[in-house]
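For reference, the chain that follows is the form predicted on its own, supplied as structure tokens.
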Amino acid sequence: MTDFDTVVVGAGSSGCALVGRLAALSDESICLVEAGPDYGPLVDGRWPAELLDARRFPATHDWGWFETRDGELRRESRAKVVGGCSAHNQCAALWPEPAELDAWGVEGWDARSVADSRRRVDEAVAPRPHPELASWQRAFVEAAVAAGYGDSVGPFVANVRDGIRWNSAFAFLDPVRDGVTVLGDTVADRLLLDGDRAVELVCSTGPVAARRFVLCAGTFASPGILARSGIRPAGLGANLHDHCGMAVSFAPMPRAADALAADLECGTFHQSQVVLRTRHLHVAPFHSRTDDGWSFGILAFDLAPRSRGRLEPNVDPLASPTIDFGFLSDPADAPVLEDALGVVRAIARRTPLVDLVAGEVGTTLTGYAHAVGTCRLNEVVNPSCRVRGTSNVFVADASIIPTIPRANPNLLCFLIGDRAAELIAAT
């Protein structure tokens, strides 16, 4: 068993960013533990095509977890691979407004304090707009302009380089790999404690000892590692929330399906390329291939949800925790989604979109895959990300977000890793 200065659990968006910054700040020994496979540096050429190709939504490398809602289980996709959800997602690279971070009221996490971390993330990721749009996205933009949303709609900025999904492993881990021990295919179970100190991480491949431990396993997994370790600070698993929304499905006309097939053949097919962004809503077209052909739709999400749910940690690290977002549990959220449906239908009635669909098929309540909050800053962890009641256990991932900003959280997760590394290194 090798002793390290720092063990980081979870090589996702925050974990890779944290390791990259921590390695730059010191020459201490770092071990990065990841439950999924490690395909090595990008230059080695071993990465699966579906994880690299930003036009695809990967169906593999998933934990297979489920959300519980209305007595039913609904798939809640979380990536299980070095790079985490940044190797799995739609690549939207949107920053929250500075005032949203200021509103957290957490020392060291206001917009001014994290400005250097934001700059480093922008330099490493270098987000840029999609160069070309698929036919469904072009039609959506034109219809949104016709509906009066010309100032709010357009291609979103994405972490894509030369068609490659530029995940956190490429941006932050690859530059420091020579000085980091990466343990892929290694499931973290729990920490062994000596008083208020963790001394060892129990893993599927054997124990790992360290001076400090940083959990970057995500909103669903970090609480489970703490709970299985006997660490249960007040608020653990509470404050779970996501951008709640509606998915509106439409039946495509044959010529619309033919155009999308042509997009796929010529390389302009992306499932998510544009967004209509207002203060309260994200509205975006989506399309996917199904057994019956093509599925067309428009998603609309409440960017400032009031509803909160709860996560009950899993006893078995490979089993799904009990995930309950509590969607619409706060009555303030329902009117926002009603307004969102009105926006979607107003756009769908405009040319050229109206000429591409045979009608609305149905609506479904859905999340945005932006789960946050289960290890909340200033509650479960202190402003330096140290877990309450411990002296050397930290959490630094989406679970520490107190209130989800009005933006996709991937860039924010990169920032959390970078900023937490600075705070932890100073302890």
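Numbering starts at 1 and runs along the sequence shown. These figures come from a predicted structure and were not determined experimentally.
One more form of this protein should be noted, the form predicted in complex with a small molecule, which is absent from this view; the next part is about it.
**Q** Taking 4.5 angstroms as the cut-off for heavy atoms, does Gln90 touch the small molecule in the predicted bound form?
**A** Yes, contact at 4.5 Å.
**Q** Quick one: does Met246 come within 4.5 Å of the small molecule in the predicted bound form, counting heavy atoms only?
**A** Output for Met246 is no: heavy atoms all beyond 4.5 Å of the small molecule.
**Q** Is Cys216 close enough to the small molecule in the predicted bound form to count, meaning some heavy atom within 4.5 Å?
**A** Yes, Cys216 lies within 4.5 Å of the small molecule in the predicted bound form.
**Q** Can Ala369 be called a contact residue for the small molecule in the predicted bound form at 4.5 Å between heavy atoms?
**A** Yes, Ala369 is a contact residue.
**Q** Which pick from Gly237, Pro285, Gly84, Pro321 sits with a heavy atom within 4.5 Å of the small molecule in the predicted bound form?
**A** If I apply the 4.5 Å criterion carefully, the residue I get is Gly84.
**Q** Ala188, Ala300, Val275, Ala144: which sits within 4.5 Å of the small molecule in the predicted bound form by any heavy atom?
**A** It is Ala188.
**Q** Tell me which of 357 to 365, 33 to 41, 375 to 383, 46 to 54 has residues with heavy atoms within 4.5 angstroms of the small molecule in the predicted bound form?
**A** Selected range: 33 to 41.
**Q** Hey, with the small molecule in the predicted bound form, do Ser13, Ala221 and Ala398 all fall inside the 4.5 Å heavy atom range?
**A** Per the other structure, all of Ser13, Ala221 and Ala398 touch the small molecule.
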